[in-house]
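Taking the form predicted alone, here's one chain by itself in structure tokens.
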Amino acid sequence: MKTVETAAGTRRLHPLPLRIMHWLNAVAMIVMITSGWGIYNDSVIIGGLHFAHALRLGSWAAESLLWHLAGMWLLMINGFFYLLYGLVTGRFRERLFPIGIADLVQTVRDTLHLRIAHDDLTRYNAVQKLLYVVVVIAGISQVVTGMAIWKPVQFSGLVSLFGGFQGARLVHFLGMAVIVGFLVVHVALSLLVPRTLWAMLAGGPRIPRPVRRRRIAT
């Protein structure tokens, strides 16, 4: 048997299915964050910390909860297909790994010196890779802790895993803080390098598809 490599053509940097799932995830996260703030205000975790009415989705806690549950289903379903797409197509492996420590330190130094040029849209720097990995983990954590908070009796095992109901709420709150931090950095970088935002809207440059390998008899 002989292995032969064949060209597979080109594709957009961000294929259409990925773009649709990306923006649906963005909508779901905004709905869940702002409605979650309305729920939080009804029973605060950190004394003295409240969220202004203008930042909340829902006029009171019960209405915010309805919005939160709607956003939850959108995030769970769309997020599942997003993860499946990234794993099956190899996009996560191609775009997010490896993450080198030396590259991470250098990228942080460049950013602190305001050297954040992003000339090659086809490659993420080490900080971008790390941020995407962290937000994916945070998103999964939000689903798990959210289920524990929503149905503490049915998912009592999950509640125990986090040290009780308030522990699950605290982890859920911290996960929200991580995602909000990611969104702030993500949006700021997109505004500083508008080509990245346009690429996620229009698909970006065309890049070679992964080379296909097949075996033939010799």
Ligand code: HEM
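From a predicted model like this one, the values you see are computed outputs, not experimental measurements. Each residue number is its position in the shown sequence, starting from 1.
Quick note: we don't show the form predicted in complex with the ligand, though the next part is all about it.
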Contact residue in the predicted bound form, from A26, L174, I149, L161 (heavy atom within 4.5 Å of the ligand) = A26
Find the only residue in I179, A168, M32, I39 having a heavy atom within 4.5 Å of the ligand in the predicted bound form.
-> I179
L18, H186 and S190 all contacting the ligand in the predicted bound form, non-hydrogen atom within 4.5 Å = yes
Does V135 make contact with the ligand in the predicted bound form, using a 4.5 Å heavy atom cut-off?
-> yes
In the predicted bound form, does R12 have a heavy atom within 4.5 Å of the ligand?
-> no
Would Y124 sit within 4.5 Å of the ligand in the predicted bound form, counting heavy atoms only?
-> yes
Spell out, yes or no, whether the shortest heavy atom distance between I207 and the ligand in the predicted bound form is within 4.5 Å.
-> no
Counting only heavy atoms, which residues in 80 to 99 are within 4.5 Å of the ligand in the predicted bound form?
-> Y82, R91, R95
